[in-house]
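A lone chain, given as structure tokens: the form predicted on its own.
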Amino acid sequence: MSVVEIKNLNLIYQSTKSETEALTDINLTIEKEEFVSIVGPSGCGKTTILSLITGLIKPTSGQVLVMGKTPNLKNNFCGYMFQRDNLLPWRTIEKNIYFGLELKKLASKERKEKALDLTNKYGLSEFLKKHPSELSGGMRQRVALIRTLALQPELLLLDEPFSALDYQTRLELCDDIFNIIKTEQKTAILVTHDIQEAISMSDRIIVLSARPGKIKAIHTLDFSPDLTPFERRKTEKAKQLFDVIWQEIQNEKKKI
């Protein structure tokens, strides 16, 4: 069974005075443990697709299935990682990691122990009694990912999770997040404006057109699995693909 199936999806936003066609004829399947990125011009519906996958909004027509079911907030199989870490400043790192479990009433001893195992595994255990203000931006995003993984989601949705960080930290965190996702055998969808970022981490890249967003191109990447995201960036193959995707997006921007 595919993790995500989107079939003939259309989305129209309606107001009392007008309607706006946001997405049109989206067909997409994402398999288990696949890492897929979505890129495209601003306003093309990248984050809207994530909202449809979580069940926060419903399509005007067509179908979205996650783990074979129509998504809603009760049977949600998704973990969401935002642009900001959204850690609660008055809570310790340990209590921040437990926060999602507490919200969903899943904070059993076993679940907490598994969350702590993740902090040990990925070098966060020594920071558990500290507060978010005592950590760097990159470290806080690692905590945010562990908090999300503690919920044991089938699918990770990454909404520009590196955009608030400086360039060097972004490069380092790309490697860390990629390693964690692959080690934990998670399926992931990344929304980003950064083409290089998408190339460095993805198995496939979906390029959306200008609004109304539709799938303009799908690029399948075949880098050696031994390469880190940073090492991918330096290859000639990555440079060539960047030029192709850049031109595809620029062509769409001309239509806006």
Partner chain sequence: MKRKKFSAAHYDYLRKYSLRKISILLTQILVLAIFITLWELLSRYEIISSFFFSSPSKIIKTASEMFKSGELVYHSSITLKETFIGFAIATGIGFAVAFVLWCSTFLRSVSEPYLVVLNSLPKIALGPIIIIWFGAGQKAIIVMCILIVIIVTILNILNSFTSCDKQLIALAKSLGANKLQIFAKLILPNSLKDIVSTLKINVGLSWIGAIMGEYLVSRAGLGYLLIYGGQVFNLNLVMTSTVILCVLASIMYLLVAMFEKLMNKFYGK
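Just so you know, these numbers come straight off a predicted model, no measurement behind them. Numbering follows the first chain given and starts at 1.
The same protein also exists as the form predicted in complex with its partner chain; that form is not shown, yet it is the one meant from here on.
Trainee: Does its partner chain get within 4.5 angstroms of any non-hydrogen atom of residue 100 in the predicted complex?
Mentor: Yes, residue 100 is a contact residue.
Trainee: Taking 4.5 angstroms as the cut-off for heavy atoms, does residue 178 touch its partner chain in the predicted complex?
Mentor: Heavy-atom contact with its partner chain at 4.5 Å: absent for residue 178.
Trainee: Determine whether any heavy atom of residue 89 comes within 4.5 Å of a heavy atom of its partner chain in the predicted complex, and answer yes or no.
Mentor: Residue 89: contacts its partner chain in the predicted complex.
Trainee: When the contact criterion is heavy atoms within 4.5 Å, does residue 54 count as touching its partner chain in the predicted complex?
Mentor: Contact with its partner chain, yes.
Trainee: In the predicted complex, which of the stretches 182-190, 79-87, 162-170, 115-123 has residues with heavy atoms within 4.5 Å of its partner chain?
Mentor: The contacting stretch here is 79-87.
Trainee: If the criterion is a non-hydrogen atom within 4.5 angstroms, does every one of 131, 147 and 151 touch its partner chain in the predicted complex?
Mentor: So, yes: the whole triplet contacts its partner chain.
Trainee: Specify closer or farther for residue 179 and residue 134: how their Cα atoms are spaced in the predicted complex versus the shown form, given a shift of 3 angstroms or more.
Mentor: Compared with this form, residue 179 and residue 134 lie farther apart in the predicted complex.
Trainee: Taking the shown form as the reference, report whether the CA atoms of residue 127 and residue 179 lie closer or farther apart in the predicted complex; the distance changes by 3 angstroms or more.
Mentor: Note: Cα gap between residue 127 and residue 179 widens in the predicted complex.
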